[in-house]
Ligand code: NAD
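The form predicted on its own is given below as one chain in structure tokens.
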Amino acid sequence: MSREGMIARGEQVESEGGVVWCTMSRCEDVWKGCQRDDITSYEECIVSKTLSHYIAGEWLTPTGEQWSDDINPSNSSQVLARVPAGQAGVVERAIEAARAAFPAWKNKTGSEKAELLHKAANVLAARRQELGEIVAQEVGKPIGEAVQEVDRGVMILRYFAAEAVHPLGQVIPAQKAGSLQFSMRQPLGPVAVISPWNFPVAIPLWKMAPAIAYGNTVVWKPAEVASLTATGIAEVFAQAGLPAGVVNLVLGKGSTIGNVLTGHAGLRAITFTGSDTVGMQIAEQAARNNIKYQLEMGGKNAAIVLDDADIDQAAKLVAAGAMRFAGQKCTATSRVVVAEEVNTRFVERLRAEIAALPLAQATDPNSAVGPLITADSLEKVGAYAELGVKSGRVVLGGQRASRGSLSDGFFFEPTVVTDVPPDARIAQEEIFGPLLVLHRAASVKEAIQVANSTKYGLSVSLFTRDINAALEYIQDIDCGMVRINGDTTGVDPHAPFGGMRSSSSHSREQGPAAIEFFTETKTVQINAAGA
């Protein structure tokens, strides 16, 4: 297709091979954004498109900025998009748009907010396959999981659409006869949402959906390497008819615009998911501005396998929790504590279950593990694997995967290191890769002590048939997400999510807990005149 054959906004365009190249609402903008004379087809353009901020209901293509390439981690030679580094002025504009939109959005009825969230859910559901493929290409999440994540986003939007019409207070008996006393929850105002790359649909939605359901407006800064997916989510809100300024998308590097956003006096709250180092910096800035903050940070999640466990079940779920999506989940299983009596049998079953998880490009329908997100991540996991040789015994993997097409991406072999001391660096630090360390324990008490021995407290699992052991574990484990005979990853969209200790700011996200962060309480008393 030539430049003269301009693509209409929203038109579905097919290549000669029958592939749909664009179902987005910004086809024309994408075409114009190529800005290269050597491009003569839309197919060439779509893979090198320039991304834009979304502010006050408009797509703003930056000028005078530096740019970075958004690359496919399964094939590092493929550039998916060009991402702006971001500018302070863009952040200012987005916050002003959120502030300007807040009064009208706050005064919308619950039914009006609910209707728009239902529309967004319907738009997202209609685009599930397209956005799932974008997630797979951009962050390396295997396509099956990527599409399931989009489906989860639909459920989140629908859940909070219902929450928008639920009660927002309670009547409280007054000490004075004849008086009416009640509490009411009100929105905070403009809220900053800072989301990670590993769940580029679910996490921003489980922050933004409650924020807007309860009447707040949003300035959203996604991880730079998830900018293409974020653009798709912003399009969903735009297509659903969300009023201008309610959700504003600011793209860029955290090092360039992060402090501008988190330190801005025009915000009333910040919700963040990412590293504990950045999270602590955000907490300090928020405290100085006396605004609410919500932090979900790292994890060093353990699974405990007792001698009465179903070993086949435990091995299958530990393998999945540790290795799927290359272990790039804050709730991924990174340690397993095994009873001495079943250690050998468990390791044998674990190796077999890991071998059954295909390591392949994320868009391969059979892929289960996929690539790491960047070359830096690949180097980091390799360095920890080398530490594993010194700390214990590597019984599986330990090397970069480079056979065939895997050499084009950031692939690392699923790795298991046994006989690791609980205080070793590899057992204490978050790796965020397909590397599992194994400890042995002689009792339930010792296993719980090992599981509690890191600074984190996000997610944990116990495999057992012993009700007494389960009850002891529930009481003594220091984690926010506690499971029995299940893997450490994931949580139902309507259940509170969060960790203890250095894993969070002691707040919770999702489900009925979301209202605690995104609203503040006002207590009202009405007395009769002249009484």
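For every residue, the number given is its place in the sequence shown, counted from 1. Everything quoted here is computed from the prediction, not taken from an experiment.
Below: the form predicted together with nicotinamide-adenine-dinucleotide (NAD), not depicted.
Residue in contact with nicotinamide-adenine-dinucleotide (NAD) in the predicted bound form (any heavy atom within 4.5 Å), chosen from Pro210, Pro222, Gly86, Gly132: Pro222.
Thr273 is the sole member of Thr273, Gln137, Thr333, Ser367 with a non-hydrogen atom within 4.5 Å of nicotinamide-adenine-dinucleotide (NAD) in the predicted bound form. Heavy atoms within 4.5 Å of nicotinamide-adenine-dinucleotide (NAD) in the predicted bound form are found in one stretch of 309 to 317, 118 to 126, 276 to 284, 440 to 448, which is 276 to 284. In the predicted bound form, at least one heavy atom of Gly298 sits within 4.5 Å of nicotinamide-adenine-dinucleotide (NAD). Using a 4.5 angstroms threshold between heavy atoms, Gly254 counts as touching nicotinamide-adenine-dinucleotide (NAD) in the predicted bound form. Glu163 falls outside the set of residues with a heavy atom inside 4.5 Å of nicotinamide-adenine-dinucleotide (NAD) in the predicted bound form. Although the partner is absent here, Glu430 is a contact residue: one of its heavy atoms lies within 4.5 angstroms of nicotinamide-adenine-dinucleotide (NAD) in the predicted bound form. Residues of 178 to 197 that come within 4.5 Å of nicotinamide-adenine-dinucleotide (NAD) in the predicted bound form, judged by any heavy atom, are Ile194, Ser195, Pro196, Trp197 in sequence order.
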